[in-house]
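Quick heads-up: it's one chain on its own, the form predicted on its own, in structure tokens.
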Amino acid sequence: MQEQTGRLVCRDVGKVYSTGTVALSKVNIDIPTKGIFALIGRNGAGKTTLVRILATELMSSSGTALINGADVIKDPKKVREFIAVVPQESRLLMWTTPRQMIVAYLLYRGFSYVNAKNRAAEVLKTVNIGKYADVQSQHLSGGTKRKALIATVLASEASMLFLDEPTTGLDPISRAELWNLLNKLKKDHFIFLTTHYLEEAERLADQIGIIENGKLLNIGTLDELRAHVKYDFSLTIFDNKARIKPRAGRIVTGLDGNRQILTTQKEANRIAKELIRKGTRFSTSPVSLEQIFYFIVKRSINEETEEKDEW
């Protein structure tokens, strides 16, 4: 494969475990290494397996992958020089403080002790948890622990961050705080984010990939993914007895069991006027990522699948 700088390129990347489980099948990606790329999929869809391959933690069974021109299989040492990873199951040690965690990580990456201490102090302020720098992690909130983990990889000065399900288990306030932090970080970093929170991907990502059963089904901006649905507006009718026939679009059953009409904005406005005259309850909005995912995958993001990410 020809080298490409400033891009993440996967060509037919596959992973089959010794048990015969196919975790990834011919994954193809070609995206610029800037902003945030969100890989969305149900639990067990293959997100973590792909992250581990790209982060040089796991060998692929087939295909090739380049990050900024460096081959993740043939030249992992070079790749590790400009990436940092927060795995899905990463945790701070109970008896360590955020400052200790960051300094230890930077020493491992080859920083001097003085430089590591300075970087730790600087980055803890950047992620706004400086006041917790010397508090043992067992006394920190879930949101603060996640920020400390992100601060750890940020301190490494890596230009590319892999964050595997970084907000899983957080309360809405902590999740929103992390979203604000990631929005700031993406100005100077490339962030490869995996998530099954579709609102997270919708708010943060510059590009989105949809993976199901180890296969990358679609990739693009939110608007490009909307084009696969063919209609950019959704009108939900809360009275299933109401009889409405759209002139353009299609009627589907939404995740909440209510009828939804996927249609154009012009047709949505016409139907809305008709429903208002009839006194029928409804809502209308642009097609969401949740609806796009359901349309493409034919299943809800929260529907369980067989676990395929093996450690």
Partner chain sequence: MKGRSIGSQLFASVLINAIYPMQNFPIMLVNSLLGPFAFLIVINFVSHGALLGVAIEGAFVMTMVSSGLALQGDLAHLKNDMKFQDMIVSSPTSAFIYIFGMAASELLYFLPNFILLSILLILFVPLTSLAAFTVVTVMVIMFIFSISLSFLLSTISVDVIQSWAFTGLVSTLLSTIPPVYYPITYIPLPWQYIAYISPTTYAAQIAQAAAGFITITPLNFALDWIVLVGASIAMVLIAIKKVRWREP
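Residue numbers count along the first chain shown, from 1. Not measured: the values here are computed from a predicted model.
There is another form of the same protein, the form predicted together with its partner chain; it is not shown, and what comes next is about it.
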**Fill in**
Interface check vs its partner chain in the predicted complex: of F233, F111, Y132, Y197, the one with a heavy atom inside 4.5 Å is F111
**Fill in**
Answer key, its partner chain contact in the predicted complex at 4.5 Å (heavy atoms) among L163, A120, I210, V72: the residue is V72
**Asked** Do E89 and its partner chain come within 4.5 Å of each other in the predicted complex, heavy atoms counted?
**Response** yes
**Request:** Considering only heavy atoms, tell me if L107 and its partner chain come within 4.5 Å of each other in the predicted complex.
**Result:** yes
**Message:** Test of understanding: in the predicted complex, would N68 fall inside 4.5 Å of its partner chain by heavy atoms?
**Reply:** no
**Request:** Using the partner position in the predicted complex, report whether E274 sits within 4.5 Å of its partner chain, counting heavy atoms only.
**Result:** no
**Prompt:** Out of 92-100, 223-231, 202-210, 175-183, where are the residues with a heavy atom within 4.5 Å of its partner chain in the predicted complex?
**Reply:** 92-100
**Residues within 4.5 Å of its partner chain in the predicted complex, restricted to 120-158 and counted by heavy atom** = Q136, Q138, L149, T152, V153, E157
